[in-house]
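What follows is a single chain, given as structure tokens, in the form predicted on its own.
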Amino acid sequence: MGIVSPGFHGRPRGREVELPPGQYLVEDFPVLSAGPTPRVPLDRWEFSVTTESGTTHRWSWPELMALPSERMTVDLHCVTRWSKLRTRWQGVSLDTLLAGVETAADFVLADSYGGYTTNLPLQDLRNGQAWIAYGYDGKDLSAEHGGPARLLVPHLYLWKSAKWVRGLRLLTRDEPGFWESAGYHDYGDPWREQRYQGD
């Protein structure tokens, strides 16, 4: 992995909103990445779900676009302490993608173009909690923000919403990803300030 973008600092704004502990509001959308930004041509883009038994389900870009999509408005909370409220996205629910997948797994390792990984409990990707997002604020998702498609899991810190996602590996045992191996929390609940191991 390459150099990590520097963190962002700021002061709380005057609006009275409920934020997770230690967070402050931003109006812009800061870009933080571990390594360079991958540029993935749509004709070579693919998303896959691989079960613990090795069965792989694949979708090309046209196949993803043919699935029912959803528009959602969610709040984002970054571990570097910024929060951005009421962000507007479009994408395919993980419920749709996992509907035909038979698994006994409890965990997921998300893989990205560029080599980034992050781990999550499988239950946190179900029941309308997560999407493969390809649209932001009425436009195609830019590469800087994870386009052409990223994982979006807004109830966890944003590092769990893997940019440039290429697949999910379903696992029977938890396996730490990039930041988790470097000491970040395995789960990452912003309301419980689960930034680092031991929080």
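Keep in mind that what you see is a predicted model, and the values were worked out from it rather than measured. Residue numbers run from 1 along the displayed sequence.
Heads up, the form predicted in complex with a small molecule isn't pictured, but that's what we're talking about next.
Inset, instruction - Answer with yes or no whether residue 66 is in contact with the small molecule in the model of the complex, where contact means some heavy atom within 4.5 Å. - result: Result no; residue 66 lies far from the small molecule in the model of the complex.
Inset, instruction - Considering only heavy atoms, tell me if residue 158 and the small molecule come within 4.5 Å of each other in the model of the complex. - result: Contact check for residue 158: yes, within 4.5 Å of the small molecule in the model of the complex.
Inset, instruction - Using the partner position in the model of the complex, report whether residue 144 sits within 4.5 Å of the small molecule, counting heavy atoms only. - result: Residue 144: yes, in contact with the small molecule in the model of the complex.
Inset, instruction - Determine whether any heavy atom of residue 51 comes within 4.5 Å of a heavy atom of the small molecule in the model of the complex, and answer yes or no. - result: The answer is no: residue 51 has no heavy atom within 4.5 Å of the small molecule.
Inset, instruction - Give a yes or no on whether each residue among 45, 62 and 131 has a heavy atom within 4.5 Å of the small molecule in the model of the complex. - result: Contact check failed for every one of 45, 62 and 131.
Inset, instruction - From the candidate stretches 66-74, 144-152, 169-177, 51-59, select the single one in contact with the small molecule in the model of the complex, where contact means a heavy atom within 4.5 Å. - result: In the other structure, the partner sits against 144-152.
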